[in-house]
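Take a look at this single chain in structure tokens; it is the form predicted on its own.
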């Protein structure tokens, strides 16, 4: 049986249902947590987590995204539980330290290194310069026993998506782990296989749980499909941990623990 989604995730898009299901035992336990959301942008996860009673610090390089985060948090009535810090995830500890020195007395502070109960690292490892060192730095923000939620793009899902879209040359390039558009001005976004992701997790000194597929079918459905959102969400939950379906999902997710 798939894990139930937490209350905060029950109305989330079907494509993130598997992530919320994995987080449910952690965030629905009734104990307020110190949460760090690296690359959390406009608060897709931060605001629902704050609504569950958790204190959330978001690090993101985009000032516009952080402005949206604060507006969303204020509208939801949880502005005091959400704090945005501008900076890059691969320099996270320097960013937090500098931000902490700037916080006035009585304001919410970013926790010191190794003091967070839960850290989110979603769609970050694809774009940083060095996924290995970045993940190690992010893992170091956890207290012993704390947990890290990691979501990345899945190479197999990208291959399938490009092939179905009528781009077989790009699909083959992705299969070979090469840049499907080498003439681009920006570096290609990384994709990971499940073994590669698990190797990164264990290399960062963490103990990974079972990996799940993110958006096994949701990204394949057009807006005109007429499928009921609740039915799609339930299907996503059922397929997220089941091979061969999870193997071709758009993304990968794993919840890991710091020993």
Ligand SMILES: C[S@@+](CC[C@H](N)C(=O)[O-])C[C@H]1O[C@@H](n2cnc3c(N)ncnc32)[C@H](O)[C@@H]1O
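Not measured: the values here are computed from a predicted model. Numbering follows the first chain given and starts at 1.
Just so you know, the form predicted together with the named molecule exists too; it's not on screen, but the next bit is about it.
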Partner-facing stretch of 122-130, 139-147, 170-178, 156-164, counted where any non-hydrogen atom is within 4.5 angstroms of the named molecule in the predicted complex: 122-130
Please identify the residue among 39, 208, 194, 48 with any heavy atom within 4.5 Å of the named molecule in the predicted complex. 39
227, 67, 44, 220 - the one with a heavy atom within 4.5 Å of the named molecule in the predicted complex: 44
Residue 62 near the named molecule in the predicted complex, any heavy atom under 4.5 Å? yes
Taking 4.5 angstroms as the cut-off for heavy atoms, does residue 117 touch the named molecule in the predicted complex? no
